[in-house]
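The chain below stands alone and is given in structure tokens; this is the form predicted on its own.
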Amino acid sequence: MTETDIRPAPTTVEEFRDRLAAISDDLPKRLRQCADYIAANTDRIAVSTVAELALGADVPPSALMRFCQILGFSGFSGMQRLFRDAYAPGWPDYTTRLTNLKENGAGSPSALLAEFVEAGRLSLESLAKAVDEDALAAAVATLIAADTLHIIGLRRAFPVASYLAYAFEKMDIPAMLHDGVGKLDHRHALRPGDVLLAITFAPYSEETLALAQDARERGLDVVAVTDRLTSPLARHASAVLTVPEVDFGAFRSLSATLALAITLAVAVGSGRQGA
């Protein structure tokens, strides 16, 4: 990429992710390190200094500044401003979410049930309409061919990951759940022929992204379940499944994600049984 290739700075986070994905493969080593680290840690841009991000990427601050300019920003402050403006309101903490529900008169159990059922219905309908059938078929074929399935999904994605581990175990499919308990790192268990099934949604689990990157660098296939094709997880994946989830009162549903997880478990179980 030359000076004349530099385009105007992205004006939205989505444009930023698209630009980052488009330029990453053509960058020299140090700038590629910047791109990889930023892609995996976009949630840190708004609250970190140049020095902190450069240290995380293992590059000098000057390389990070150059990286910002290649993306179209005049410097780091421009890139940081984009993320501060986008995330300034933030995703409210649980106390705020509950307070807002009460103030809006939606806090009774029956009202909550109706709202969450509706959010789940909309999520499931969106998944049915938007599912990429080719990507789904490719993901299932990849999982069927695996020697051992490694599964990771932390924080909000943990119930989905643990369900998949449970389902595969009941089907006698070799599977391992990477749950992060005790901060233990089990990436040494990845072997040639294995497949990683990784699940994460914004603001994206750093541990999940790191394991996905490590798996790809070892030559393993990665099946990603995430919220958008521009997710930083997608860059490490051989198959990407996106899941729309409707929220209510800033509480995000897992209805569609669990439906997709059940689909994967049953399809893989059936496929391996018939192999």
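The shown structure was predicted, so the numbers you read here are calculated from the model rather than taken from an experiment. We call the rigid core whatever largest set of C-alpha positions still superposes within 1.5 Å between the two forms. Numbers for residues come from their place in the sequence shown, where the first is 1.
Only in words, not in the display: the form predicted together with the DNA, which the text now covers.
**Q** Considering non-hydrogen atoms and a 4.5 Å limit, does the DNA approach Ser77 in the predicted complex?
**A** So Ser77 counts as contacting the DNA.
**Q** Is Arg235 part of the interface with the DNA in the predicted complex - any heavy atom within 4.5 Å?
**A** It does not: once the DNA is placed as it appears in the predicted complex, Arg235 has no heavy atom within 4.5 Å of it.
**Q** With the cut-off set at 4.5 Å between non-hydrogen atoms, does Arg66 touch the DNA in the predicted complex?
**A** Judged by the heavy-atom cut-off of 4.5 Å, Arg66 is in contact with the DNA in the predicted complex.
**Q** Flag Ala239 as yes or no: does it have a non-hydrogen atom within 4.5 angstroms of any non-hydrogen atom of the DNA in the predicted complex?
**A** No - in the predicted complex, heavy atoms of Ala239 and the DNA never come within 4.5 Å of each other.
**Q** Choose one stretch from 239-247, 213-221, 28-36, 226-234: the one whose residues place a heavy atom within 4.5 angstroms of the DNA in the predicted complex.
**A** Every other range fails; the passing one is 28-36.
**Q** Relative to the superposed rigid core, does the CA atom of Thr142 travel 2 Å or more between the shown form and the other one?
**A** It does not, since the Thr142 C-alpha is displaced less than 2 Å between the shown form and the other one after the core fit.
**Q** Taking the rigid core as the reference frame, tell me whether Gly75 has a CA displacement of 2 angstroms or more between the shown form and the other one.
**A** Yes, its C-alpha moves 2 Å or more.
**Q** With both forms fitted on the core, give yes or no for whether the Cα of Ala239 moves by 2 angstroms or more between the shown form and the other one.
**A** No, Ala239 moves less than 2 Å.
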